[in-house]
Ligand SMILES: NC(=O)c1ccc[n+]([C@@H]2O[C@H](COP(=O)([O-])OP(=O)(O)OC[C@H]3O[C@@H](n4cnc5c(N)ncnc54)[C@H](OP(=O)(O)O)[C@@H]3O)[C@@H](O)[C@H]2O)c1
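Below sits a lone chain in structure tokens, taken as the form predicted alone.
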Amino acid sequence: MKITVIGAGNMGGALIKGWAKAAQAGKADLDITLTAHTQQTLDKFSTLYPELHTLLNNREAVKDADIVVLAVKPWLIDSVVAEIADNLDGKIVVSVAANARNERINIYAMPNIGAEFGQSMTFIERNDQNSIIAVEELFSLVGSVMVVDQKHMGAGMMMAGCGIAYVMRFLRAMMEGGVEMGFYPKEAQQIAMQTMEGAITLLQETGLHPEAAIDKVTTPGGVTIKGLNELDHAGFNSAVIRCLKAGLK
């Protein structure tokens, strides 16, 4: 499969690295081309992954592609599509730019930067059945994929695309608490990350609802329930929900 990624910023870069790693691991036969604004950026990727094809010219980059992934800023989508329009016949065009629509785009996808490590949560809009299978297969190489209706794309963006930042903010808060209680910052970070990883693994392996898992560590009159009640007093649940809904307004 020949893939061209236009844009090597945070999101495009994460996808390129994730797909390159998947190809190196033999998970898929991918021929990847990427473009960027500067040769310096392209050189960085070529150093990491010599098998990549790098070009500064978007029109040239998409000529032989099966799938073209537009990973540019939303306000650049129309100009980039206009630039490469003559070379898009017969190709699947995927946009990962939030809320940017164009009639030449077949599929809208919303991954997150966990794609670099094969841990993205990607949402794909259900709008071109003939293209979805190939795109779903491609994004499944860098994490989990969920195909949803257009009305759920915004919610998916807030929960996963933006949500990865919200999770990191919670981790930072745990770290700060750990430092206040006497741990060094690196120690606090290690503790917070391992604790979160343990919680996630527990839920994945057992299939438990989070509240059922919480019950396993909340002894009556114990310290855990006191901490949980403090979160409730501070409006923790409400703050998280408001945070997720903020971007939909």
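All values reported here derive from a predicted model rather than from experimental measurement. Start at 1 with the first residue shown and count on from there.
One more form of this protein, predicted together with this ligand, exists but is not displayed; see below.
The partner is absent here, but in the predicted complex a heavy atom of Thr38, alone among Thr38, Gln204, Gln194, Thr219, sits within 4.5 Å of this ligand. Of the residues Ala71, Leu138, Ala115, Ile107, just one reaches this ligand in the predicted complex with a heavy atom at 4.5 Å or closer; this is Ala71. Though the partner is left out of this view, Gln189 does not reach within 4.5 Å of this ligand in the predicted complex, counting heavy atoms only. Taking non-hydrogen atoms only, Asn58 approaches this ligand to within 4.5 angstroms in the predicted complex. Remark: Ala98 counts among the residues lining this ligand in the predicted complex, judged by a heavy atom distance of 4.5 Å or less. This ligand is not shown here, but in the predicted complex it comes within 4.5 Å of a heavy atom of Gly9. If you check this ligand in the predicted complex, you find no heavy atom from any of Met175, Gly178 and Ile225 within 4.5 Å. Only one of 145-153, 86-94, 71-79, 129-137 places residue heavy atoms within 4.5 angstroms of this ligand in the predicted complex, namely 71-79.
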